[in-house]
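Below sits a lone chain in structure tokens, taken as the form predicted on its own.
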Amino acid sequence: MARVICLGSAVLDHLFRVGEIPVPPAKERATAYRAMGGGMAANAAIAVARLGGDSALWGRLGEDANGAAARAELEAEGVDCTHLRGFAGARTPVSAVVVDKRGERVTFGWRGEGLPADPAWLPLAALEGAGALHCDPRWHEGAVAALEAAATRAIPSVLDAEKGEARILLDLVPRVAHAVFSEGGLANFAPGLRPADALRRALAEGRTTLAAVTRGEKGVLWLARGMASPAAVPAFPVEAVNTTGAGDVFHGAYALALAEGREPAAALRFAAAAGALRARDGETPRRPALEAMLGSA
């Protein structure tokens, strides 16, 4: 199995289903509730495991009930949590996710408290033998340390460049080989630029060799060094029931595809199928379902 190390956030999500997301102030009755593990890197790590990869998650939790629940779910999915470290006195990140009948969502995230930023404890030597490194931007210092260590070992690296602080994206993108943005993340990274020009900016310095932006139903736009203009990977048409985590699953699947030796275009298509299945079913797919979708299109 190809080994993928994911570094970043692990969260306990509290998911509420409603008919419509109301305009505040309002009170709405939820039709369903579920507590489940979440977080960008954690969802990516579960995707790697379910799709047949050897998955590990490096990150930080509080030694509290939320952290214990998040860890238990990850371990049940087969994710190696040896280096998902709990810190006494810290509080685990949590989110409230409200999903409407069309599968669209609003997320309220709290990033925890007392989680040390210092990455000195990371087992960077354990990157040896990994097929890919996946990072999100939620733990900036940890991502810097891991991306630099991966570069010295010629390990392909992927950044989930989700919407966040522009200063962090501006620092991390030049350090990563594959920068895969959300539309909001790309706008933060290169405000005012058209997507094609923003992708060119991402390739303009550092070690980035491929930049892409996920655009939901419009598919993926990507550009690699040496290409004259961006190429598109079409979206797989599905009826979404819950888009929560679909982007995280996309990134995990993309990292796994690179670790398995796929070329970028094929890796992006593999990832697009995984993300579409997550949005369609509200669950992270397993390999047979993904291969069936790839074979049907």
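Keep in mind that what you see is a predicted model, and the values were worked out from it rather than measured. Numbers follow the displayed sequence, beginning with 1.
The same protein has a further form, the form predicted together with a small molecule, not shown here; the description that follows concerns it.
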Every residue of 217, 238 and 247 near the small molecule in the predicted bound form, heavy atom within 4.5 Å:
yes
From the candidate stretches 166 to 174, 192 to 200, 114 to 122, 208 to 216, select the single one in contact with the small molecule in the predicted bound form, where contact means a heavy atom within 4.5 Å.
208 to 216
Could you tell me if residue 66 has a non-hydrogen atom within 4.5 Å of the small molecule in the predicted bound form?
no
Though only this chain appears here, would residue 279 touch the small molecule in the predicted bound form if you measure heavy atom gaps against 4.5 Å?
yes
When the contact criterion is heavy atoms within 4.5 Å, does residue 272 count as touching the small molecule in the predicted bound form?
yes
Can you tell me if residue 77 lies within 4.5 angstroms of the small molecule in the predicted bound form, counting non-hydrogen atoms only?
no
